[in-house]
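In the block that follows, a single chain appears as structure tokens, in the form predicted alone.
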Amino acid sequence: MSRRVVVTGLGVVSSIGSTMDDFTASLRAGTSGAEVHPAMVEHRFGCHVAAVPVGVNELAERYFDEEMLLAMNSGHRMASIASVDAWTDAGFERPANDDDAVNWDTGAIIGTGVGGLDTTGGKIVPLTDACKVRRIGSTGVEQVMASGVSARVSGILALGNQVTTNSSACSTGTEAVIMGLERIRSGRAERMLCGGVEGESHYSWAGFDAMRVLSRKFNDSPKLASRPMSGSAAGFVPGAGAGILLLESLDSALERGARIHAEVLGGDINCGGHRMGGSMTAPNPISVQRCIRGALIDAGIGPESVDAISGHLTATGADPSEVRSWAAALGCSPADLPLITSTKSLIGHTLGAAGAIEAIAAITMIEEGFVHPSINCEDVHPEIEPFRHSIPHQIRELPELKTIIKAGFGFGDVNACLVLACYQG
């Protein structure tokens, strides 16, 4: 029989808060983190709006020494801050750099969608093209390689179990949590730091702007730019940040008297095979529905147990299809679909970090008994109109809230779905 897995630590770096208290307050208030981004204006993007954390460098200086900071780009800094916060939130002390003890029972799966393009675009390519390769320095490779984020965290916290970086586009963060769940269930680890990160870089966002999938119509009113489920949605708002969850076997958590934020009941991962409407940029709706149902089966619960949905919902043309897929997978009519909210309406689309930050938002809602508002969609998309009553435009206080299902659907027709619940012993 597989072991039960709980969440004992949370850490977040986001455009709406880089402490759990600030993040939670912003969720409750329905605060948007979107602002005009100077680099996007300077480089003549169609979209001028992004949602990025404020004060990350100053925060990092309080966590890490000067030598380490020199080897850390924005993604490394965000992931490392969130990981240390999740670690200490779980009741562990950060090990000293000169302590040779290795924590063999704990690992990390910290994903990223794009990786260190800020380093590649801002440093590696210009210096290489200028024939100044020696000026790149000795830390260029570790900042560019995708696995640099998880490797960096393993060094800070002396982690000795599996340490890896997954990358599955927008489903990355959700997928990382499911991968950690599976490792602990199987008995190969007691704890796993899981989540995702995406650094701040206009180089990461340029391709999306060229595809015309970023929001271009609200450059003069950035707080209104991220509009999932809205009839006037004009594309997604790119974001940056990190979300890290410390997953732990229930036995370990109980043995050390840890605070338990939530239980990870189950999850599922699949791909639509680029068939039945699926493609590199569009989801196969049947695979989406299979992933949702698969997560419920793995969790051992039925659709009737789902109290709320944390959707992928990006403010693109895929939103109506996603809402219909949720209804079909859960066997719901428009009249009885659970509350469905989009955290991206607040934090933008943080790509590889999205699922992890949104899972933390879901856990926060479970712990405090509310569903945060999905903002900027008062003009519900006509195809979503039958489900209007399920969209919380203001905060919904729900003390009885027990179970939230969270999904990420990514480029490449890849899907990941996670079931989170209140721990009930």
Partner chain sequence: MSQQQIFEKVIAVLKRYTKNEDALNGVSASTNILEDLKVNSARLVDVILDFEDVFNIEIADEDADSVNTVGDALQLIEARIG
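Small disclaimer: the values here were computed from a predicted structure and weren't measured. Positions refer to the first chain, counted from 1.
One more form of this protein, predicted in complex with its partner chain, exists but is not displayed; see below.
Enquirer: So, in the predicted bound form, is Ser138 in contact with its partner chain at a 4.5 angstroms heavy atom limit?
Expert: Judged by the heavy-atom cut-off of 4.5 Å, Ser138 is in contact with its partner chain in the predicted bound form.
Enquirer: I'd like to know whether Met145 contacts its partner chain in the predicted bound form, with contact meaning heavy atoms within 4.5 angstroms.
Expert: Contact with its partner chain, no.
Enquirer: Although its partner chain is absent from this view, report whether Ala71 comes within 4.5 Å of it in the predicted bound form, heavy atoms only.
Expert: Ala71: yes, in contact with its partner chain in the predicted bound form.
Enquirer: According to a 4.5 angstroms non-hydrogen atom cut-off, is Glu58 in contact with its partner chain in the predicted bound form?
Expert: The answer is no: Glu58 has no heavy atom within 4.5 Å of its partner chain.
Enquirer: Please pick out the stretch from 194 to 202, 238 to 246, 173 to 181, 128 to 136 that is in contact with its partner chain in the predicted bound form, where contact means heavy atoms within 4.5 Å.
Expert: It is 128 to 136 that comes within 4.5 Å of the partner.
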